[in-house]
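Here we start with a single chain on its own, the form predicted on its own, put down as C-alpha cells.
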Amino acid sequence: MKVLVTGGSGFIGSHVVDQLVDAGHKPVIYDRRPSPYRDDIQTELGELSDLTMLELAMSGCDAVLHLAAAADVNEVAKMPVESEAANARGTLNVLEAARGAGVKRVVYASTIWVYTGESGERVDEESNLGMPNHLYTASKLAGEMYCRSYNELYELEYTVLRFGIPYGPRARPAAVVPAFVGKAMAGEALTVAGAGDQSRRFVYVEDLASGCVKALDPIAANRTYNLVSDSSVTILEIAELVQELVAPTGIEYTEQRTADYVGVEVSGVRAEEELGWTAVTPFAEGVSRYVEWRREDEAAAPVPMQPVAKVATEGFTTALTRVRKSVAMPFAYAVASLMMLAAYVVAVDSLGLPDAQVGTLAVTMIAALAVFLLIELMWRNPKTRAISAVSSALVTAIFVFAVMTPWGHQVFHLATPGRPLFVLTITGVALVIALASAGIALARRRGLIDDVAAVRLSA
C-alpha cells in the first residue's frame, strides 16, 4: 500500500514511516523540511496550505496518515491564528486533496485532549464531548468533524486516532519528558505547575506508530480509536522518575497552567478489541530508553562537517525546491516566457515572411493555446494532468498537420509547408504553451482556478 505521511519528517511521523517500511508498505513523506532520519524515502516538500502540492504528493496513494499539526499547546495559545490554519484548515486541505487525488482513506491524528471537561471517571470513544476550553482542542476537534463530513458528503473513508501523550526518541524539546530530562542533564531544577497532580495517559512513540499502521486495516474504516496506555502518570511522578534516572536536581513549583488537560481516565479497549493494539512499553522503561537515546544523540554532536561542495549543493537544491513551489517561480516563468514570445514576434517580423506564412504561424499558435487551455482547465486531477499535456500536444500536432496539408491551404489560405516554417511553428507553439502553463500555475497558487472550477460545477 502506498501511504502519504504528512509530518513524516517529525517526531511521530518519522517513527510511523519506519514502521510502514517494516510492514511492507511504501511511504511518501510530505513535510516542510526533509527527514533527518530517512533519506531513502520519497519526500515532497510543501505546506498544508498548498492544495496543489498536496494533490500532487498524493497521486497514486491508497491512504493518507495525516500527522502534521501545531502540537505544542503553549505555542498554540501564543499563535492562535497560525495554529488554526495548520490544524483545522490544514486538515480540510488534506481531505480535499485526498478527494481530488482518489485516495481511499485518511487517517487523522487527533488527541485525548478532546475529553477535557468530562466529569465521568472513565471515558471512551462513545462519550459525549464537552465544549473545548483550549484552542488546541478546538482545532483538533474541527479536524475530526471535517473527517466525518467528508465521509457523509463524498464517501471518503476516515479513521480518527486520539493519541495519548506521546514521548520517546526524537521528541520535540518542549514536551514534558524531554524538557524535564534536558533540565536534569543541565543540573537545573525541574519545574512543576501547581501540585503536579495533573495526570496523563502517556504512550511510547513506537507503540503509537504501530497503532497508526494498524489503523490502515479495513476494519478501521470510519471508526475512532483511543491510542493510550492502560495507566495514568502524574506530572510529579514524571519529575521524580527523571530525577532517579538522570540526576536529583530538585523540583520547583509554579502556578497552575490555565485551560490545562484535566486528565480523565481514557479507555483503549476498542483499539485492543478491533485492531489488536495495546501500548506494550511501560512508562519507566520508555523514559529510560529516551534518556539513553538523548545521551547518545548529544554525545554524537558535533556532527562531522560535510564537504563544502556537498553542503552548498544540498542548500541550493533545498532553496530551489522551496522557490519552485512558491508563487514567485510561476510568475518568473510567465515573465520569461512573455519576453521570449515578444522576441520571437520581433524576429519573425524582421524576416519579412510572406503573409501566408505569417498567417500559418498565427493560426497554429492561437489554436494550440485554445486547445491547451481548454484541456488543462477541464482536468484538475493531478493524476490526469500529464494526460492533459499529452492530449493537448497531440491535438495541436494533428491541427498543425491539417493546416499544412493541401486541404488546410485551401481553407485557411496558408503557406506551403517547408522546413523553416515547421521550425518557426513548433517554436511559437512551445512559447505560447509555456506562457499559458505559467499563467495557470500562478492562478492555481492564488486560488483563481479553483474558484472558476467551483462556479462551473455548481452551475
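Here the structure is a predicted model, which means the values were calculated and not measured. We number the residues from 1 along the sequence you see.
Not pictured, yet referred to below: the form predicted together with a small molecule.
- Between the small molecule and the residues G268, G211, G286, P166, the one pair within 4.5 Å by heavy atoms in the predicted bound form involves P166.
- For the candidate set R148, R295, R172, K78, a heavy atom within 4.5 Å of the small molecule in the predicted bound form is found for exactly one residue, namely R172.
- Within this chain, D31 lines the site of the small molecule in the predicted bound form, having a heavy atom no more than 4.5 Å away.
- In the predicted bound form, the small molecule lies farther than 4.5 Å from every heavy atom of T116.
- Although the partner is absent here, A109 lies within 4.5 Å of the small molecule in the predicted bound form, judged by heavy atoms.
- In the predicted bound form, no heavy atom of V177 sits within 4.5 Å of the small molecule.
- Stretch-level contact analysis of 67-75, 238-246, 190-198, 122-130 against the small molecule in the predicted bound form, using heavy atoms and a 4.5 Å limit, identifies 67-75.
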